[in-house]
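Next comes just one chain, in structure tokens: the form predicted alone.
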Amino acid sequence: MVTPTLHVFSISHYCEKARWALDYLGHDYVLSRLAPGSHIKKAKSLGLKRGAMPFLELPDGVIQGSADIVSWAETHGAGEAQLTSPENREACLEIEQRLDDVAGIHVRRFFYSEAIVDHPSTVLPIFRRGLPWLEQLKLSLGWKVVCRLMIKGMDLGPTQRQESRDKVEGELDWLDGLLADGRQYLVGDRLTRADLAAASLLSPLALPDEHPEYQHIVVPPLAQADMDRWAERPSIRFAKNLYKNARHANV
């Protein structure tokens, strides 16, 4: 049987969500790190119409997007670990979708609007991480072009940074509200895909030690100041605790 291949950007928190689900549910897979630009070519070679990462290459097709990969991992897991149950599935999916559509997007825009615009050289090393040497060279030579495309494609800049910062803060308020009753998990009494989504998509803000990539990330100064102010919020502590207790655990 051919082992699935998970194609990722090393820096991406959406890719981390898919990777964590596969790890937690005990799947064997090959990790393929791609460079910006090369991921478009790879997507096209797999018959995908867009290059949105991550995508999971299977012997009989391709699954694109972290939420769909989590769903595949759940339905194809061989062990006892699960991330949802019938009674909590709808609530988990609702929370995950909001996190995907709001928190995940604006955490990324908040970070890149400073890092890519003002400190692009600090972002290159983590994108280069794990690439074949020739891909590393190509990415380094074309990094200025990649940054221009990212600025345009993701609408990055100082005004956009502030807009996304406000959105992120609003989502932290929402999550803090959910956690205000002292619950250990967002839904039910055990880890679900809602928890996994919250922790992974907030991981660029929480920077947990257990994250497989973020020991290599460089946080720009304005973002670091905000992250220092947010560090003791219940939602950030929640993300860090989940990484500590569950990132490298499975049943």
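Start at 1 and count along the sequence shown; that's the residue number. In this text the structure is predicted, and so the values were computed from the model without any measurement.
Only in words, not in the display: the form predicted together with a small molecule, which the text now covers.
Participant: By the heavy atom within 4.5 Å rule, which residue out of 27, 33, 39, 211 makes contact with the small molecule in the predicted complex?
Facilitator: Comparing distances to the small molecule in the predicted complex, the residue within 4.5 Å is 39.
Participant: Answer yes if any heavy atom of residue 220 is within 4.5 Å of a heavy atom of the small molecule in the predicted complex; otherwise answer no.
Facilitator: Residue 220: no, not in contact with the small molecule in the predicted complex.
Participant: So in the predicted complex, does residue 10 come within 4.5 Å of the small molecule, heavy atom to heavy atom?
Facilitator: Outside the cut-off, so no.
Participant: Please determine whether residue 118 contacts the small molecule in the predicted complex, using a 4.5 Å cut-off between heavy atoms.
Facilitator: The answer is no: residue 118 has no heavy atom within 4.5 Å of the small molecule.
Participant: Can you check whether residue 204 is within 4.5 Å of the small molecule in the predicted complex, heavy atom basis?
Facilitator: The answer is no: residue 204 has no heavy atom within 4.5 Å of the small molecule.
Participant: Given the stretches 52-60, 221-229, 178-186, 191-199, which is the single one in contact with the small molecule in the predicted complex, using a heavy atom cutoff of 4.5 Å?
Facilitator: This holds for exactly one stretch, 52-60.
Participant: Quick one: 14, 65 and 108 and the small molecule in the predicted complex, is every residue within 4.5 Å by at least one heavy atom?
Facilitator: Yes, the whole trio is in contact, each within 4.5 Å by some heavy atom.
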